[in-house]
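Shown next as structure tokens: one chain only, the form predicted on its own.
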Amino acid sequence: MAETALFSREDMKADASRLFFRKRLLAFGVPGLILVYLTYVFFAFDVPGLADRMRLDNAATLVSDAVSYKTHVTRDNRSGEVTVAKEGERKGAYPEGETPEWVTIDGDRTFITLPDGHAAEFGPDNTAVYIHPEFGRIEASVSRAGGVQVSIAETDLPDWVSYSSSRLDIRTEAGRLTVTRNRTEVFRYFWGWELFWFTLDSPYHDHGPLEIAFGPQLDPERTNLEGAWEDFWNNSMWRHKDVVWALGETILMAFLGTMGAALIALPLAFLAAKNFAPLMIVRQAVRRVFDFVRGVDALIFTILLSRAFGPGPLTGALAILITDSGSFGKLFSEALENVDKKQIEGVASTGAKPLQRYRFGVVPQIAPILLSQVLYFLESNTRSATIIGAITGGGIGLLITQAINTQKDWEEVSYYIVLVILMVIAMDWISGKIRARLIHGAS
């Protein structure tokens, strides 16, 4: 008897030792594996080389371009013509004979005053000068044979000057000068989004809202409010009308794809639920279809469908529909498998037919879950439709892609991103209100 008790105690000690060992192994082993994995990632993804690849000057330029605008003073080195334009666009060009106060054109010389004592000058014979208050003068000349030449030895140039025989690029906080064989250009930055409201050719440019609303009539053919709205809506640089239309396309793309997927997935979900489809071969076949369509990302379907049907918002809506039908099918079938059979039996006891049992015994139970899931996916697809639109050529995504491709319209990119964020916030608020109304009632 004593031997049995001793044997039991020894077994308990051994079991406890094994249990403690497993817990210690788990406590130290898992963090160790994570540490090994992070070490692998550190070298496999070349994290040490990230510092060498970083271009903080490019990042600073990108941020500056996103929250400000540039006025370009450009000389064509072939014809000698000098133009001044906001953002360098023809639609933002100053009329002939008009220049901002910091630009003076005197024959074949152009004087450009920049902030903090900086200045630039276009001289005769395709020469240019940048004047730095601390460094001094950097002179450049352009010739067809020798390309771009500077007055200072290349080894003596500061780090804010980039130079080759084909290009001179001077970047300072006050402005920027670029010289190539074909043109010489000075950029000067200003805070804000210029010409966002009205272009230079609008009579309402440089007039405040109070002056437009209560001041004298600025256009003899239109009232101030009517004319200001028309010129803002048809702004040729910021294209507000096209932007609103693109936002509508993006929302419509997300709505059609999400709702179409829900309508397709609901009847198929009955075939994937155990309690509604007793044949296992049917359930497995439908579930594998759901796995396939949701396993392939919507972007892949977007590329395939754009090759088949061409670009357009409808292609994006179809891509969302196909992918979400698999996700909805899985979620809906799981909701169906958890319905209360007593409610179905109660409807059946009234003599209801099978379709009526589903309508009055099943759908009311799963409707709150289905609505919540569909509305959540609608919010998510509003964001996804922006990326899909960049591929299919529709919606606000197309405008973002076009602005990025120019490599200079970053203020427009930031404008579109702000609108996308506001659109997502609005969709989130609206879907939340709808959920509360349909699920919890008017109260």
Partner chain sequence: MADLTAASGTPVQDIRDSYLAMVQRRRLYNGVLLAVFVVLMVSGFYVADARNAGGFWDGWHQILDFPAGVVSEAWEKRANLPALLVHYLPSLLETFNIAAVSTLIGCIAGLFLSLAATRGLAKWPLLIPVFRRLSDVLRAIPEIVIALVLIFMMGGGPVPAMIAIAIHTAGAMGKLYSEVNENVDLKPLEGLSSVGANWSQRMLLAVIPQVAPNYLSYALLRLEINIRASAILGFVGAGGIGYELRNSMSWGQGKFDEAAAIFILLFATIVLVDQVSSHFRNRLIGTGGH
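Throughout, rigid core stands for the largest set of C-alpha atoms superposing within 1.5 Å between the two forms. These figures come from a predicted structure and were not determined experimentally. Residue numbers count along the first chain shown, from 1.
The form predicted together with its partner chain is left out here; the points below concern that form.
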Quiz item: Among 109, 307, 144, 341, which has at least one heavy atom within 4.5 Å of its partner chain in the predicted complex?
Solution: 307
Exercise. Identify, from the list 363, 252, 268, 131, the residue with a heavy atom within 4.5 Å of its partner chain in the predicted complex.
Key: 252
Exercise. Examine residue 227 and determine whether its closest non-hydrogen atom to its partner chain in the predicted complex is within 4.5 angstroms.
Key: no
Quiz item: With a 4.5 Å heavy atom cut-off, would you call residue 292 a contact of its partner chain in the predicted complex?
Solution: yes
Quiz item: Is there a non-hydrogen atom of residue 28 within 4.5 angstroms of a non-hydrogen atom of its partner chain in the predicted complex?
Solution: no
Quiz item: Is residue 420 close enough to touch its partner chain in the predicted complex, meaning at least one heavy atom pair within 4.5 Å?
Solution: yes
Exercise. Sort through 132-140, 330-338, 96-104, 67-75 and report the only stretch with a non-hydrogen atom within 4.5 Å of its partner chain in the predicted complex.
Key: 330-338
Quiz item: Which residues, if any, of 72-93 lie within 4.5 Å of its partner chain in the predicted complex when only heavy atoms count?
Solution: none
Quiz item: Does the distance between the two CA positions of residue 50 reach 2 Å or more between this form and the one not shown, the core being superposed?
Solution: yes
Exercise. Examine residue 418 after superposing the rigid core and state whether its CA is displaced by 2 Å or more between this form and the one not shown.
Key: no
